[in-house]
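Only one chain comes next, encoded as structure tokens, the form predicted on its own.
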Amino acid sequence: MRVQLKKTLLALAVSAALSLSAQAQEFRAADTHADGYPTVEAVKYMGTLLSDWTGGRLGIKMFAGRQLGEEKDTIEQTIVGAIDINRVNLAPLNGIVPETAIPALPYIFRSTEHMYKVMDGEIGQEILGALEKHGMVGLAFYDSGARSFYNSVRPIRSPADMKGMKIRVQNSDLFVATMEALGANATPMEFGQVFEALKTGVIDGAENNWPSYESTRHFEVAKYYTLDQHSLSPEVLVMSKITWDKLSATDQSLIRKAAALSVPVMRELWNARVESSRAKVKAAGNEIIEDVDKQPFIDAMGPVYERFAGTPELKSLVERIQAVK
């Protein structure tokens, strides 16, 4: 009788352990940025929270530095459930989710504070919600900083200075149209190819934020950096809807909470990274063009807005963003 009881208890213990193991999940997360980058560290922080809250049952394994491919590749993998959590720029999503093109419109945000107010509020939640019917669940927005032009040819102070320049852009019709409206020759190219293309003269310039300009060593081969700040478009953190739908409501709630708490961590790391990158570039002697009259650049954007905010719904979204104080 006692032997049988021990066997029964042992069987129950094994069954419970197997059940717990079956529920445990380590989500695969992707980021094209390298380990240590603010977005990467923010997702790691999110994983730490989930692990702490669930006693290790839920966690995140980060694949940084394009280990799982460029952003276009990781978006496709996220939609089919091969990647669970993904941090991407809005630009590659523009052709999939029309609403994501609106925060990416050039010069739509007046400042970082304006962008925060919009994306942290009701409008941001609407855009996150629009991802779901396309196979992704929007979790949060991260900073992407202010994107500005840099090149190896000459200082850019007006659209006329960009005429004929070959400028690398993301694989986005919106970014291509923006360059064309400014008179430049848009050259879509994967991010990892830009340094060599700048170095060999395949392209004349590119556009990005301070940390990306510095950390990729682009500043070594493109000495002119014009702070036109044409884009304050945020990054977005998404989860595969296939993965999401398999989770309990409780776990879904924990993931949303952890994602929200990772945002201020990301922003704090981001601000520190911007200052560090700015100091390094200035110490290298690069020419930083700050006295830019943005109005001629803004005036050139009429055709871009007409094309990418061409429906009544998208025009309304633009107007609502511009109306936020």
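Since we're looking at a predicted model, the values are computed, not measured. From 1 onward, residues are counted along the sequence shown.
Quick note: we don't show the form predicted together with beta-D-galactopyranuronic acid, though the next part is all about it.
- The candidate spot formed by Q170, N208 and E235 lies fully in contact with beta-D-galactopyranuronic acid in the model of the complex, as each residue has a heavy atom within 4.5 Å of it.
- Only one of T243, T187, S212, S148 comes within 4.5 Å of beta-D-galactopyranuronic acid in the model of the complex through a heavy atom, and that residue is S212.
- With the partner omitted here, the residue from D204, E71, D84, E99 that has a non-hydrogen atom within 4.5 angstroms of beta-D-galactopyranuronic acid in the model of the complex is E71.
- Figure note: of the listed segments 76-84, 224-232, 139-147, 101-109, the one touching beta-D-galactopyranuronic acid in the model of the complex, with heavy atoms no more than 4.5 Å away, is 139-147.
- Among residues of the shown chain, S262 is not one whose heavy atoms approach beta-D-galactopyranuronic acid to within 4.5 Å in the model of the complex.
- With a 4.5 Å cutoff on heavy atoms, T32 counts as touching beta-D-galactopyranuronic acid in the model of the complex.
- Interface residue remark: N89 is counted as part of the site for beta-D-galactopyranuronic acid in the model of the complex, having a heavy atom within 4.5 Å.
- For F191, a non-hydrogen atom is located within 4.5 Å of beta-D-galactopyranuronic acid in the model of the complex, even though that partner is not displayed.
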